[in-house]
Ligand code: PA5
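Taking the form predicted on its own, here's one chain by itself in structure tokens.
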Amino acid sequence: MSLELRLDNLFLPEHGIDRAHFDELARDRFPSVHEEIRRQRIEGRLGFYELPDGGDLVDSILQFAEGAGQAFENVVVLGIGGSALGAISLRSALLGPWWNEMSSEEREFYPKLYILDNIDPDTIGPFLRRLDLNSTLFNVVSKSGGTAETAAQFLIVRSMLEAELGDGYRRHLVFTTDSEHGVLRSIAREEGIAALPVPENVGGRFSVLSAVGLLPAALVGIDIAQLLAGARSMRERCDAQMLDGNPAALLASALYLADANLGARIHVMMPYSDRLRDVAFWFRQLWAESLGKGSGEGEPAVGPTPVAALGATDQHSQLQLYAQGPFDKLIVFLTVQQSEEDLEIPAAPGDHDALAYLPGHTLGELLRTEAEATQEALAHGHRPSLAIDFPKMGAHELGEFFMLCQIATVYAGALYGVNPLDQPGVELSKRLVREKLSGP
């Protein structure tokens, strides 16, 4: 079974998307948008499309993971943004929340996986002090090699490794960076440090299915072949030339029309699964950084605002706003139809009628029912939503989801008339950091 996109609660009689507008987009705009994406693929601009084909890079990743990589008890990824969020999503979704607390036997002797995606010294310092450097591999992830946060982390770690291990520090490092250029590639050549390439035509937020995400995944035993197979399956589905048969185009069109026609500029991704919580943060970067911009110099800016929520937790914090606040939101529900584990709810002690509806059901059943009830309640209040259903939580399904969202993003870029592959808005901040630290 594959991921299913459900649009049942999108076409509501009031405050929902008008089906006529959807049909008009399918007839008048989608053919040219689809052709534009096809042209960009042919020109080699959309490198993420080709990542599911694997090839020699996957062989190199598996060779490293099964060889040198298995000599370590800890793997630490140093990265930020697209260099970290994919690995975080893979860890949360496929390893579960307690992986690093499991015994070696429970982990089948795969290493623990830590991902340092910020530079707060109150986090980094205590973490590095408690880490056994002799049994740790550091994966430094930066395509350019010059990302300030990752570079700072690397310099600190390298100094600690060299002080502790002498010349042997090199085997505790592996770089994921540009195949030819940048400071990390230069250091790898100079110091004989293992390095894996990020394709030139793959940006950070589209890189989860490259070595950026695949190496950490392979090191901890995630089935990257299934991950890529799922992505290939979704890519094939998204080659459909008719909007109704193309899941990524449907997702992009729904979110675009909600913004453009309804003023629903806030797109909330709300998984009903702890394992998918970080996936919503991965999507948040993908959607925000790709679409929040102008189409050219002096052109008005566009861009929806993505928000991450969690069911059922945020039913008790954000749902009041979604249910009765402004009509400026579209909710994307993520549900998992089959839990990996489930717990039956036992009978309450004594005679408590208020709890009588719970015994005989399971936590998984309760969670799925809460997702259904929330969608129905929002529809009753004329609040549109859509849902992406995972049949189960596995590598194949996650690969499908990553590819679905990435292809939807480039379709949305074409609909908005912006380049989804650049991020000029972040460059000034980077330049100012360099200037301020360089001194007068």
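What you see is a predicted model, and the numbers here were worked out from it, not measured in a lab. Numbers follow the displayed sequence, beginning with 1.
The discussion below concerns the form predicted together with 5-phosphoarabinonic acid (PA5), not included here.
- Checking 362-370, 105-113, 80-88, 272-280 against 5-phosphoarabinonic acid (PA5) in the predicted bound form, the stretch whose residues place heavy atoms within 4.5 Å of it is 80-88.
- This chain is drawn without 5-phosphoarabinonic acid (PA5); in the predicted bound form, the residue among 144, 233, 136, 335 with a heavy atom within 4.5 Å of it is 144.
- Just one of 318, 285, 339, 74 comes within 4.5 Å of 5-phosphoarabinonic acid (PA5) in the predicted bound form, counting any heavy atom, and that one is 285.
- A residue is said to contact a partner when one of its heavy atoms sits within 4.5 Å of a partner heavy atom; residue 419 fails this definition for 5-phosphoarabinonic acid (PA5) in the predicted bound form, lying far away.
- Interface membership of residue 204, defined by any non-hydrogen atom within 4.5 Å of 5-phosphoarabinonic acid (PA5) in the predicted bound form, is confirmed.
- 5-phosphoarabinonic acid (PA5) is not shown here, but in the predicted bound form it comes within 4.5 Å of a heavy atom of residue 423.
- Under a 4.5 angstroms non-hydrogen atom cutoff, 5-phosphoarabinonic acid (PA5) in the predicted bound form has residue 289 among its neighbouring residues.
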